[in-house]
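There is one chain below, alone, in structure tokens, taken in the form predicted alone.
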Amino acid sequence: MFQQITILGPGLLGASLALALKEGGLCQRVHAWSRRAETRAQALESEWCDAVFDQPKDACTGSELVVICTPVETIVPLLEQVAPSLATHTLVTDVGSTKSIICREARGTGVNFIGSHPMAGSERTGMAHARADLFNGAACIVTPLDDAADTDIARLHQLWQAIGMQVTTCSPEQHDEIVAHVSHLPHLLASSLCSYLASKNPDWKPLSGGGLRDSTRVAAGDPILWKQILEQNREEVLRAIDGFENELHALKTNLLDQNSSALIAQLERGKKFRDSL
């Protein structure tokens, strides 16, 4: 699909994408850049990497595809930095967890940018945890603006589908509403529960079962990265919190009123949704 691609920020997602593309025979060369010297050295020793650069603009020269895999606050500044080194046909995308701010601000850089959000990964971060099958069967949301070329949208769809993803397209605003509910809110709930339990007797922890570990796994994510995500998607996250507070209040009311039928209905609705995932 590509002779040469560039990964800016080869962490878990970036390195996994490069691995998947190389193992699938979907690109010939992979260039990489990272802000940290130790990450650049690690990338250079990796089987998926053909060249590493000290400057992001140098890493992008000659690439047909550039994928920005850095924290959300740095995506647009990186776009502005590499813009002069990009060819007119170069397609740029990202893997950020928010889209509205990024896509709107990217328009002002003059770069041929279309947002992507592969809904893959884990609470673990870093290149050491990269694997080629990370994206298999996962969802990917592509978020073009109205003036994006159909051919470029199709190229992105083909890219993510080629590594096993289920691709859908929506506006950046629709994306942010969706992920506020299905990704950002679950993280907040897991983190809040862990924060609350941290104030309780530490001797309780060994007595917990798999349910607590399963339901709070995502709370192990990097707090600094999640702070950026939550602030960029602040309005939609606040709306999602409001909706969940209503649901939790209804459950509390049913317990207070000893309304067994309503309580069972809530629990059954939750089970039905979970069974359908």
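This structure is a prediction, so every number in the text was calculated from the model and none was measured. One-based numbering along the sequence shown.
There is another form of this protein, the form predicted in complex with another copy of the chain, and it is not shown here; the text below is about that form.
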Choose one stretch from 60 to 68, 46 to 54, 33 to 41, 227 to 235: the one whose residues place a heavy atom within 4.5 angstroms of another copy of the chain in the model of the complex.
227 to 235
Assert contact residue (another copy of the chain, in the model of the complex, non-hydrogen atom within 4.5 Å, options 145, 139, 162, 153) equals 139
Since exactly one of 122, 192, 74, 158 fits, which has a heavy atom within 4.5 Å of another copy of the chain in the model of the complex?
192
Is residue 205 close enough to another copy of the chain in the model of the complex to count, meaning some heavy atom within 4.5 Å?
yes
Residue 186 within 4.5 Å of another copy of the chain in the model of the complex, heavy atoms:
yes
Any of the heavy atoms of residue 89 lying within 4.5 Å of another copy of the chain in the model of the complex?
no
Could you confirm whether residue 241 comes within 4.5 Å of another copy of the chain in the model of the complex, counting heavy atoms only?
yes
Residue by residue through 36 to 63, which ones have a non-hydrogen atom no more than 4.5 angstroms from another copy of the chain in the model of the complex?
none
